[in-house]
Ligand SMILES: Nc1ncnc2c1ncn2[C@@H]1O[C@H](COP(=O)(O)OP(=O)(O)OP(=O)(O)O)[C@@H](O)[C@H]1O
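Coming up is one lone chain in structure tokens, specifically the form predicted alone.
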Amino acid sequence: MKELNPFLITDYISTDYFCNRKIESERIISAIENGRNITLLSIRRLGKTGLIKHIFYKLNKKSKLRLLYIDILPTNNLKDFIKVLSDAIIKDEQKKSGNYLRKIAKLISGIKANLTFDEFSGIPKLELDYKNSYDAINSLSQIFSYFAEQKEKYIIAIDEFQQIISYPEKNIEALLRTNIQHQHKDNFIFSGSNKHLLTSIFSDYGRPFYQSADFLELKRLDISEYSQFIENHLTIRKQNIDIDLIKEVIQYLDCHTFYVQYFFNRLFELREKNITKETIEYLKHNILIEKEYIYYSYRNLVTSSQFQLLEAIAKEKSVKETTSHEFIGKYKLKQASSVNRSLKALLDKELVYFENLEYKVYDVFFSKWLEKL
């Protein structure tokens, strides 16, 4: 059997392949064990989903809980939300109980759903048919009643929770809050990558979820600990590398978890016994060349002014004042009002993000490619 690449980029396996996050894990688990909901915030691809899966892994080891994870980023309305949540319940019941169909029969009838099975995989699928918004609202209440009726405690993680703001249904926040606040034995992890939207949901006075959950902002991993984690995995597999070289790569990739994991996943794939500076530079170059056709296509997604601003931010690595005379003059940008419009468009398209009072290009490899233009 081929050896598992230790630098995972798509899923969680066990604590052996997960770096640190001890303080964050303990805080979230403590909140759950003491009956508090928690809101987890960070920029994309910094490890929120991995942390949630890690917490679920640890909780599953120590107690009998029902652990549900749903990502609602692809959802567009309440019906989509109900389907994603219902599918997660059915998947969990199928895994936990041999007679799961009988157990969820009441749930299926309550949410006006038909259960079908994929003809190839045999995986159950729900088909929802709502005539009006009342059907969807009633179905949501039925799902939360189902949670309340179960003996076990449910921990429900809802990723990209800020997506509910875009639903067309009126008072969706109030509707969800009403149902969630009556779940006395169950707890929720609300996770998201849009800090502004997620913070406003839980901290704006007068909104339904106001102060209903603890806040935890996920920061970048400690470079020393991350370097040690990487070195250990390479050393175990008889690949030698200087730890200072690892730190250099992590800093080059802004300690952005996904991009670091991806780089070392590719480095491990080379199976070099002695990893040198030349090996690192070779891989950096190859990754950017491979992705070049994607990055050139980005030019078609933005205006010339927006692309010029993207390039300028990338060359600076981070920018505090995008409308300063120095920055505009250095990169021959248009007037400040034009830069502000371009910046807003890039933020909306999530090509740029704002963190620690600085603007950065979201995709680290794209940023490195732009630097070389």
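A quick note: this is a predicted structure, and the numbers were derived from the prediction, not measured. For every residue, the number given is its place in the sequence shown, counted from 1.
Although it is not shown, the form predicted in complex with this ligand is what the next lines describe.
Residue among 187, 142, 86, 193 with a heavy atom within 4.5 Å of this ligand in the model of the complex | Among 187, 142, 86, 193, a heavy atom within 4.5 Å of this ligand in the model of the complex occurs only for 193.
Taking this ligand in the model of the complex as the reference, which of 322, 37, 49, 342 has a non-hydrogen atom within 4.5 Å?
-> Going through each option in turn, the one that passes is 49.
Is residue 4 one of the residues lying within 4.5 Å of this ligand in the model of the complex, judged by heavy atom distances?
-> Residue 4 lies outside the contact set for this ligand.
Is residue 315 a contact residue for this ligand in the model of the complex, using a 4.5 Å heavy atom cut-off?
-> Output for residue 315 is no: heavy atoms all beyond 4.5 Å of this ligand.
Classify residue 42 as contacting or not contacting this ligand in the model of the complex by the rule of any non-hydrogen atom within 4.5 angstroms, answering yes or no.
-> Yes, residue 42 is a contact residue.
This ligand contact in the model of the complex: residue 356, any heavy atom under 4.5 Å | Residue-level check for residue 356: no, no contact with this ligand.
Sort through 265-273, 251-259, 142-150, 292-300 and report the only stretch with a non-hydrogen atom within 4.5 Å of this ligand in the model of the complex.
-> It is the stretch 251-259.
All of 9, 18 and 160 with a heavy atom within 4.5 Å of this ligand in the model of the complex = Judged in the model of the complex, 9, 18 and 160 all sit within 4.5 Å of this ligand.
Partner contacts in the model of the complex for 209-224 (non-hydrogen atom within 4.5 angstroms of this ligand) | Contacts from 209-224: just 221.
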